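Here we start with a single chain on its own, the form predicted alone, put down as structure tokens.
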Amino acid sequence: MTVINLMLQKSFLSLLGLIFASAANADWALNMPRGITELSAETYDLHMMVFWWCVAIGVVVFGAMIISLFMHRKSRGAKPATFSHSTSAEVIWTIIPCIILLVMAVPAAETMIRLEDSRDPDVSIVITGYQWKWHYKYQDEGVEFYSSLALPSVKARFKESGVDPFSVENYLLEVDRPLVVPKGRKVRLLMTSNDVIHSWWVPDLAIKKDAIPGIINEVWFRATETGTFRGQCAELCGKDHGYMPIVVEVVEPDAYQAWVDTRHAGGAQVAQMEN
């Protein structure tokens, strides 16, 4: 028994340590982010609606169970009922769940239809996953580039590098070339892979889509805020799976056009140097 008690105490202390360590992490959160796109806000609202419905159902069901156990216990002299079933009760507990499901299903179906409606985009980008980096190709702008883990994180990740990972800003979440998109514009993403299955995941965009060799997956978003938003590959794709982050920069339309022009100018200079 003493050994068991010691094991329980150690387990309890370990659990407390994990709780306090998590609470000390500024990015730690229990809920999904609301995001910065139209669809991410709709998805979050649906998530919270279903959550509160589940909470209400749990309160009613477990409340009825607890009250029944307390009020109809043997010590109070309660006698078991003699009836076998109640048609009224069966009808009620069949109709009410159907109504609740309809209330949840209608807005969910509307959002799912909008999620798949990628027609008439303002910007189309082909995303190709590689071991272990991303390639972005802007179909209409003639701009394409690879996006890899930023050099400070590359240096810090090696054993005995002498670089403290905690001193590197956005360690393993920074890239050398981010994906740049305009605010308020409909951006369509076409995803595939060159080798194995990857997954393009940016929580603030509410996007987590697999990049599969030989298959084109499609998703879209329209950002409502400017800023830098980070994600990672969410599919185990090899030994360096943890080293292929995603960075999306949402900028004003004018700034986006200036960035495209800069990329064109840089490409023209490289072509002249090669000639």
Partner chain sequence: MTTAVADAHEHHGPEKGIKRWLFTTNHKDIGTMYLIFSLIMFFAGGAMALVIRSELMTPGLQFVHPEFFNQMTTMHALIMVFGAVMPAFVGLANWMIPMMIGAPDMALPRMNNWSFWILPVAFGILLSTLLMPGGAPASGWTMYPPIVLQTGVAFPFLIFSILLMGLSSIMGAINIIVTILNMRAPDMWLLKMPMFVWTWLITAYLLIAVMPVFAGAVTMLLTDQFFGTSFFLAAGGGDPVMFQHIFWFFGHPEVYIMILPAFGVVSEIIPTFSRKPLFGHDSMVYAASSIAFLSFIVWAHHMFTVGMPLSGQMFFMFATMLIAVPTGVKVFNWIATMWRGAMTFETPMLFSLGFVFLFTIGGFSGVMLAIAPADIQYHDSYFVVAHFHYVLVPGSIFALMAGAYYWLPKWTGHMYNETAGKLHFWMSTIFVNLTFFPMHFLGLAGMPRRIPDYSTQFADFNWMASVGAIGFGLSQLIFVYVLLTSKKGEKATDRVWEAPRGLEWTVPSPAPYHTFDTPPVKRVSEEAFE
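Only the largest set of C-alpha atoms that superpose within 1.5 Å between the two forms is called the rigid core. Positions refer to the first chain, counted from 1. The model shown is predicted, which means the values in this text are computed figures rather than measured ones.
The discussion below concerns the form predicted together with the partner chain, not included here.
When the partner chain is considered in the predicted complex, W201 lines it closely, a heavy atom lying within 4.5 Å. At the 4.5 Å threshold, heavy atoms of E38 stay clear of the partner chain in the predicted complex, well away from it. The closest non-hydrogen atom of K155 lies beyond 4.5 Å of the partner chain in the predicted complex. In the predicted complex, none of the heavy atoms of T226 sits within 4.5 Å of a heavy atom of the partner chain. The listed set V180, I197, V123, L149 contains one residue whose heavy atoms approach the partner chain in the predicted complex to within 4.5 Å, identified as I197. Applying a 4.5 Å heavy atom cutoff to the partner chain in the predicted complex picks out A108, A109, T111, M112, I113, L115, E116, Q131 from 106-144, in order along the sequence.
After superposition on the rigid core, the Cα of M104 moves by 2 Å or more between this form and the one not shown.
Taking 2 Å as the criterion, W93 counts as shifted between this form and the one not shown: its C-alpha moves by at least this amount when the rigid core is aligned. The rigid-core alignment places the CA of L236 less than 2 Å apart between this form and the one not shown.
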